[in-house]
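What follows is one chain in structure tokens, specifically the form predicted on its own.
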């Protein structure tokens, strides 16, 4: 990526973030509901209401509130949560690791399952196995992630209680770690008990998020593999006596995976967004669960902080995908 392209990308990012900030700030203030009224008991006086409005800056015009908020962000101050009475940035950054770990585990599951189905479907193309895989992908894709979550709670949490259906970790463990990236830190410390407990709690919500994405990956990658299998260099490898499996993994896969890489990057952003409902279903203490609570409580500063952080994540992921695509595609790398 040239310096000019990098500068253009940076300017585009800043404009995008500013646009998101404007839309979110205006929309949540136009929506019905008074956050101050929800904080006070029924017998509160008008003087109490006015004092709290002044405390949170809600007595000013929307234009003034917006620029005060933007000025605070530039100084690292995202405001104070109305419902939790804590610094918004600290709350959001405290919940972010849980969501990132859940989304990453779901992505790993989706890539592993989707990739395996695509390879098997390519090896068994034009046979009943490929038809069965296509039917499975269609069924999996037609069921949204939150419905998969409900199915898993009922089947694997109630009828056959193999996994816990709420929380992130068992209360009796409560590891005293340096960060809130519990799974990553447990892996670094080789803490087997914590790793096992975290994975047991994360399995069902991660699988609910992963299944629809795995179907998309399987469909796109299988189609790309089938197209690549007819190219000259693949036919040459077959002529040299390589097995079908060796041809796919040594020759076809590295070129067929490029369109899938872009797809995975785009879908990963939707995967993070999908954690909102799934985290609430499983009472998973992540950013999505926090977002729903913030909306219910009309916690304007907290909603703004969460949405802005989601926007930064989406932009960062898309940028990383573009860079990875340029590295893996020789034509773009040498262009």
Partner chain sequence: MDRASLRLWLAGGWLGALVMMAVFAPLIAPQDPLAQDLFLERLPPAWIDGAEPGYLLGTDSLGRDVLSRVIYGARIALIVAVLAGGAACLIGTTLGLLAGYYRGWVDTVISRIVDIWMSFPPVLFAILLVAVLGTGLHSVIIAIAVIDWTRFCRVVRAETMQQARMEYVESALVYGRSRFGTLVKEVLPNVLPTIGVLLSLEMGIAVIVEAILSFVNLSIPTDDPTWGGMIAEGRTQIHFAPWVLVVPMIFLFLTVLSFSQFGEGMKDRFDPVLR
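From a predicted model like this one, the values you see are computed outputs, not experimental measurements. Positions refer to the first chain, counted from 1.
Form predicted in complex with its partner chain: not shown, discussed below.
Not one of 78, 100 and 181 is positioned with any heavy atom within 4.5 Å of its partner chain in the predicted complex. Residue 165 is the only one of 165, 261, 89, 73 with a heavy atom lying within 4.5 Å of its partner chain in the predicted complex. Only one of 123, 236, 188, 154 comes within 4.5 Å of its partner chain in the predicted complex through a heavy atom, and that residue is 154. Picking from 113-121, 141-149, 249-257, 226-234 the stretch near its partner chain in the predicted complex, with a 4.5 Å limit on heavy atoms, gives 141-149.
With a 4.5 Å cutoff on heavy atoms, residue 320 does not count as touching its partner chain in the predicted complex; it lies far away.
In the predicted complex, at least one heavy atom of residue 310 sits within 4.5 Å of a heavy atom of its partner chain. Among heavy atoms of residue 131, some come within 4.5 Å of its partner chain in the predicted complex. Its partner chain in the predicted complex comes within 4.5 Å of no heavy atom belonging to residue 49. Contact annotation for 233-271: a single residue, 270, has a non-hydrogen atom within 4.5 angstroms of its partner chain in the predicted complex.
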